[in-house]
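Presented as structure tokens, the chain that follows is alone, the form predicted on its own.
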């Protein structure tokens, strides 16, 4: 009996369920670079190059280990341009008894591939993706009958389930489940930020970079310098380097932003976890062991582990619980177009310029840049969630819809009406000034609240709260905000409205 086993570009691990019973003598592993996937949005050049190179390296590792691999490159003459087309081509060239694949991570593919049983004259098996730590069914059971689906309570259950940073009685290490209150230090002078991890390009990667430069020249972003790990061996080195060089200060400064330092003390492992080169549990176990062996700060270790087994798994759970309707959520009825400066970084708001420029250069920005600068602007400016979701999916190399959509629609834009976040994460310029050095080099004054020279975040924040007063007043986490709004006289409120109107009228020159 022979089986065709399809491996997708975010399933690059020997532990993926579709390979669990692979017969080296009779089965064929199909991997393919297809135009449909590279262009359903115009992905960042670095993102395409990273995934194609990682795919080619993974295929080579499998071949070197004796597996039969059918690898279709993007520029192969007969490439059909789609996963289904490549499966059909494989079946036309050889009779297989079965088709096996691991469930895709995005709903659009899941919906399409779920109908393949009727399209192919063989057994078709879609298997659970057991690289994740919580199945959609488990998450649904956890969510059932809960009035609020808060990540913190889900995270605690994950800690207990996998016995991570807990004692024999499931009590949390250090006596607290969450040390986030210790992880909000602003940047200070003299921070010694290590250079980012960089891997030298081999011939496979060079070939991919040439292909991307030729075929995707009109896509967003800088293709080089290209620094990603594209093999499991190098991705494993990235864990060790993070633990050795960055983890100790990760907790303290995970929210800090410094001009010219896009990487800070973050791990930069989401690229590798999300495409399969690394498994989430193995990463967490390594960090937990480093805590025990090296006496690393608990706030740093717990903060990192919470992102992986708490936030990441929770976001995926929300995605599968609420799709496909979740993609159309727009609770605040935001309808503004995405400003042009999101594509070229040409804005006089220095915080936005820094974050967009670094995104363009690196296909990366850390979570506070994504949430409290770029996302905060989109929220208070009322940008349509469709455009914001598309932008985030395009520009980041770790972005897939299952992780991008809930973070953007739920956490950033409050488009789900509070399902994911208990309040909109809106902030004025004072937050950005506290957590970064961006304001020092800005045309606008963060201390000015109104007028042409005032920081736009200041008056847009209050304009947002005023625009949505009927909807948001009554949220207990916004009581103080609306108490302050109530103290403003008519002249002050009109100044806010007028500044906002002026800003939106000239937004492309902001």
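Numbering follows the first chain given and starts at 1. Values in this document were obtained by computation on a predicted structure and should not be read as measured data.
Quick note: we don't show the form predicted in complex with a small molecule, though the next part is all about it.
Taking the partner from elsewhere, residue 27 is found to have every heavy atom lying beyond 4.5 Å of the small molecule in the model of the complex. Within this chain, residue 59 is remote from the site of the small molecule in the model of the complex, having no heavy atom within 4.5 Å. Looking at residue 464, you'd find every heavy atom of it more than 4.5 angstroms from the small molecule in the model of the complex. Not displayed here, the small molecule is approached by residue 8 to within 4.5 Å at the level of heavy atoms in the model of the complex.
Here the chain stands by itself, but in the model of the complex one stretch of 38-46, 467-475, 480-488, 59-67, 38-46, has heavy atoms within 4.5 Å of the small molecule. Note on contacts: among 358, 106, 252, 288, the single residue with a heavy atom within 4.5 Å of the small molecule in the model of the complex is 106. In summary, among the residues 96, 226, 83, 326, the only one with a non-hydrogen atom within 4.5 Å of the small molecule in the model of the complex is 83.
The three marked residues, 33, 55 and 400, each reach the small molecule in the model of the complex, with a heavy atom inside 4.5 Å.
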